[in-house]
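Quick heads-up: it's one chain on its own, the form predicted alone, in structure tokens.
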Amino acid sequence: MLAETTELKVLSATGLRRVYGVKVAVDGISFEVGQNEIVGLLGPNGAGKTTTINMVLGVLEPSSGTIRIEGVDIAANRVRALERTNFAAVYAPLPGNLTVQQNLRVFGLLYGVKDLTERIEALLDQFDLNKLRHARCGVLSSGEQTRAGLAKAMLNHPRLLLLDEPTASLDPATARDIRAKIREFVARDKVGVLWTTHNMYEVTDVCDRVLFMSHGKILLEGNPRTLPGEHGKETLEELFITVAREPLTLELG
């Protein structure tokens, strides 16, 4: 009789902790992101979200705990673990002195993307960047920079995609289109996404599961469409405000 196979998680974090002197930024959290899953990482400013993402990206070393990407421990084999990872964040714009096309080529070479020219053309078309291919990224509007950053984030067909406010500065119609493109990408390529945003409508629209952080801990986890009702709230925004202002009421509840 064959043993049951267990689906390999795209991302597994166990006992993740990060301390700065006496300040605990992330306090022993554990979570997973599966294939074809978009997980929202939510919480007020200072909750530990960016620190968590930076540890997953290998930018920060955890004080303790483990991070595995498709089963590969970052601490033991950083290059292999991160080669199928990518990210886009509003605080990490593409180099402004390079054009959109030049940026995609440089990052494509860094990631060792096969058939790079064809991949760049596909992404320019996918993110409506054809007319901007020769424009320097530093003169793009914030919305155009966001689209260019997302194109860069998908260059290497990542299995784990980290998105920090990915639709910031986009008008509602364009943001809806971008969310649809990301969902299609996730479903088609068995990708796992860790997505941070303060837009609760966006979370409800795109995320399969959410993790609410406060003071470095994960307080709540669940389906964004049913989680508010489970805690006596009418909307996800109301629940978010409670996490931000009164986290102890949730811990004790």
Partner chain sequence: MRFHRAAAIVLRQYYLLRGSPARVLPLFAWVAVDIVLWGFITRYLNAVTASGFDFVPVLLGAVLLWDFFTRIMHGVSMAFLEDVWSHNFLNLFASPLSIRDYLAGLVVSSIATSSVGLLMMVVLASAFFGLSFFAYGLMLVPFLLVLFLFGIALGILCSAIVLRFGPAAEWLVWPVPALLSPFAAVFYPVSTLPHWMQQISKLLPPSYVFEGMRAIIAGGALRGYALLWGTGLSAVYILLASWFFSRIHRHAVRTGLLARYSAESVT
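Numbering follows the first chain given and starts at 1. Keep in mind that this is a model prediction, so the values were computed, not measured.
FYI, the form predicted together with the partner chain isn't displayed, but the following is about it.
**Q** Should the three residues Tyr20, Gln102 and Val106 be counted as contacting the partner chain in the model of the complex, with contact defined as a heavy atom within 4.5 Å for each?
**A** Per the other structure, all of Tyr20, Gln102 and Val106 touch the partner chain.
**Q** So which of Leu160, Leu94, Leu150, Ile182 gets a non-hydrogen atom within 4.5 Å of the partner chain in the model of the complex?
**A** In short, Leu94.
**Q** Only one of Ala168, Leu124, Ile178, Leu98 comes within 4.5 Å of the partner chain in the model of the complex by heavy atoms, so just point that one out.
**A** For this set of options, the contacting one is Leu98.
**Q** Would you mind picking out the stretch of 202-210, 38-46, 189-197, 57-65 that comes within 4.5 angstroms of the partner chain in the model of the complex, counting non-hydrogen atoms?
**A** Stretch 57-65 is the one.
**Q** With a 4.5 Å heavy atom cut-off, would you call Glu144 a contact of the partner chain in the model of the complex?
**A** No.
**Q** Applying a 4.5 Å heavy atom distance criterion, does Gly112 contact the partner chain in the model of the complex?
**A** Yes, Gly112 lies within 4.5 Å of the partner chain in the model of the complex.
**Q** Taking the partner chain as it sits in the model of the complex, is Val79 near enough to touch it, meaning that at least one heavy atom pair lies within 4.5 angstroms?
**A** Because a heavy atom of Val79 falls inside 4.5 Å of the partner chain in the model of the complex, the answer is yes.
**Q** With the partner left out of view, is Arg136 within 4.5 angstroms of the partner chain in the model of the complex by any non-hydrogen atom?
**A** Result yes; Arg136 sits at the interface with the partner chain in the model of the complex.
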